[in-house]
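Presented as structure tokens, the chain that follows is alone, the form predicted alone.
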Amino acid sequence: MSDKTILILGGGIGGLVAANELRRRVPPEHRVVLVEKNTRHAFAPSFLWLMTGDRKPEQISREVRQLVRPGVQIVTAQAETIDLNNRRVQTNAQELGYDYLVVALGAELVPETIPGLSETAETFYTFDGAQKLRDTLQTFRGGTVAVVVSALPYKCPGAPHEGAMLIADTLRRRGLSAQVDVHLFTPEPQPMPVAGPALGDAVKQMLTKQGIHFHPLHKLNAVNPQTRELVFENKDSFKYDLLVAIPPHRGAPILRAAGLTNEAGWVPVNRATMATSFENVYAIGDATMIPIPGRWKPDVPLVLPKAGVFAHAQAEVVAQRIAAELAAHAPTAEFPGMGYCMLEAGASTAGFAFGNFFAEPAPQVELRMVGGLWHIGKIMFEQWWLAPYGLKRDALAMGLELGSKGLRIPYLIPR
């Protein structure tokens, strides 16, 4: 077989895992090219700790080059157009051809799509936003804090609840408990509805224990910056002193322009193989939309949450399938729909949600008891992920012995 070029668009969690696993699995005569517009990778799960002041910016970011295997070619550029017929990608620096394309461009934040939101809201969903919110929380003197999920879908289903609890904990540590009221609004009927009512109730109990007022079925229509008021659809308006928003998300416009997306702007894929409808083109992570069993509202299907753990596992599957094809073997790797996350609750504690999101007739997800061990596990994974590649090149997987029953969690980190 002649030399092939595997082009990966996006250097987030999915893109980095795909690049590293492909470079490990395919012979050196095949090129593995990673296109990423930023020279530094910021670890998004740690944005919450950046917000609370428990991390400094330099502690949760690394040069992309440090995080990839030798032999991965990095192109620092913005992908601008994809020509699927001729298998070409135009960037702002050069044109690149490919034999296989892996799309890992994630989701973009578009707060400007809700009137008034970008003018007044803070967020912990970006690196810069988390730093700004950290400073705001250090000078906040009290009042009503509104944490708002402004639209669906959004990345990391647990993050809004974590954010609300960590904000409350941060202000509590400043001695402001009596002066602060924290409210969490979401258009969803319960916390993390994809995981089912039992887990939703457990998360609500976590929120209540931290003094968070939870408001489901609140769809945000607009924000009035002058009166500091939230305007909801068919609900009473709400006044705030500090607004923290999970902004609306959208798929990368380049994917819609290429004809890869559905009407909602997300890439449909085969849920087992992550293949798109175009030959040798795969999509992974937040850029995709994958229907799963179960419904939380009549005629509204559930979809797989947008989370790094899924991007990670999907990247492994795609790399294994491409490597098998290049070796003239039948690909067998499939994405099983398993997922998990540590849910930060403040005071150096966390819960642990895990389960099978492809289970029939609905996802089977449970939450382990909140405690300090899960928080430690999240720290361990953060430190492993951000370690320079040379310190972890011999690891196929990392397992953390967590929980009172000794649950083993494989992280499937590439060597």
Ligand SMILES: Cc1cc2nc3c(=O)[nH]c(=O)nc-3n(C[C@H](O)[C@H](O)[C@H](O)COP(=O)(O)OP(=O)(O)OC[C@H]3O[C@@H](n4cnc5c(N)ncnc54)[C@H](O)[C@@H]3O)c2cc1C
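Remember, it's a predicted structure, so these values are computed and weren't measured experimentally. A residue's number is simply how far along the shown sequence it sits, counting from 1.
Another form exists, predicted in complex with the named molecule; not displayed. Remarks below refer to it.
K.L.:
Only one of V317, L171, C156, A202 comes within 4.5 Å of the named molecule in the predicted bound form by heavy atoms, so just point that one out.
P.N.:
It is C156 that has a heavy atom within 4.5 Å of the partner.
K.L.:
Could you work out which of A311, V148, V102, M274 is the residue within 4.5 angstroms of the named molecule in the predicted bound form, going by heavy atoms?
P.N.:
Looking at A311, V148, V102, M274 one by one, just A311 meets the 4.5 Å heavy-atom criterion.
K.L.:
Of these, 354-362, 65-73, 33-41, 369-377, which stretch puts a heavy atom within 4.5 angstroms of the named molecule in the predicted bound form?
P.N.:
Of the options, only 33-41 has residues within 4.5 Å of the partner.
K.L.:
So in the predicted bound form, does any heavy atom of Q78 sit within 4.5 Å of the named molecule?
P.N.:
Q78: contacts the named molecule in the predicted bound form.
K.L.:
Indicate whether A307 is a 4.5 Å heavy atom neighbour of the named molecule in the predicted bound form.
P.N.:
Result yes; A307 sits at the interface with the named molecule in the predicted bound form.
K.L.:
Is there any non-hydrogen atom of P45 lying within 4.5 Å of the named molecule in the predicted bound form?
P.N.:
Although the named molecule is absent here, P45 would touch it in the predicted bound form, with heavy atoms inside 4.5 Å.
K.L.:
In the predicted bound form, is there a heavy atom of the named molecule that lies within 4.5 Å of any heavy atom of L22, even though the partner is absent here?
P.N.:
Judged by the heavy-atom cut-off of 4.5 Å, L22 is well away from the named molecule in the predicted bound form.
K.L.:
Do all of P111, G116 and V223 end up near the named molecule in the predicted bound form, with near meaning a heavy atom within 4.5 Å?
P.N.:
No, the whole trio is out of contact, none within 4.5 Å by any heavy atom.
K.L.:
Taking heavy atoms and a 4.5 Å limit, what residues of 10-31 are near the named molecule in the predicted bound form?
P.N.:
If the 4.5 Å heavy-atom criterion is applied to the named molecule in the predicted bound form, 10-31 yields G10, G11, G12, I13, G14, G15.
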